[in-house]
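Just the one chain here, the form predicted alone, laid out as structure tokens.
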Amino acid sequence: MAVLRPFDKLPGLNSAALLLVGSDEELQQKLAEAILQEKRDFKISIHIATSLPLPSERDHLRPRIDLIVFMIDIKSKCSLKNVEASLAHVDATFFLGKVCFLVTGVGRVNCCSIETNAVCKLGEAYCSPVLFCELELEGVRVATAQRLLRMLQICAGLVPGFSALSFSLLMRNSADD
């Protein structure tokens, strides 16, 4: 089982790669399409996986991953367990600003199977930001796509003077201080 490492490959010139990991492929596809529709001045590649590890036979074709987004469906305990199992296949250096957790389905609070506190603790344990959204709503999906695109741009090193680590420190909860 291969561990995904952030600096195994050289970065592409003026390009960034995003990996969406989650059990709901339909929502992953909708989010990927929303990200690709946004205006940007760099090349982007989006990869979708239901879980990690990624297949090693295509590793030589895969670009360097700049940002991993773990998608957790708040109404599915299986989704959270899938993400927790996938985390073991990610190198610790990815958690220096190149990972975030995206919690979907928050508009349906009455259908929750997962405590939001459990997801927040997961974010704290891995020093990674947790974003809450409802991807079924187009406006929220577009806003989430814009936010992830900006995060990806920073994680890929395309914003001068701003690193993924400094960005993750800004995203941390001020209550931690």
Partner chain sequence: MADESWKLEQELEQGRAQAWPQGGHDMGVLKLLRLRDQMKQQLMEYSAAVRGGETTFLDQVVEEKHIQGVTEDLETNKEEIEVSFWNKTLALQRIQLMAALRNKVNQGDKDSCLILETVNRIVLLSRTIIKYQQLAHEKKQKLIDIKRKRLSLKKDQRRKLQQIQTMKKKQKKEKGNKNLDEAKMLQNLEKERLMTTVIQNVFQNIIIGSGVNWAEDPSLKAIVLQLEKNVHLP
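Numbering follows the first chain given and starts at 1. Because the structure is predicted, anything quoted here is derived from the model rather than measured.
The same protein also has a form predicted in complex with the partner chain, omitted here; what follows describes it.
With a 4.5 Å cutoff on heavy atoms, R64 counts as touching the partner chain in the predicted bound form. For L20, no non-hydrogen atom is located within 4.5 Å of the partner chain in the predicted bound form, even though that partner is not displayed. The partner chain in the predicted bound form is approached by D41, whose closest heavy atom lies within 4.5 angstroms of it. Judged against the partner chain in the predicted bound form with a 4.5 angstroms heavy atom cut-off, the residues D8, K98 and A164 are in contact without exception.
Counting a residue when any of its non-hydrogen atoms is within 4.5 Å of the partner chain in the predicted bound form, the hits in 141-160 run I154, C155, A156, G157, L158, V159, P160.
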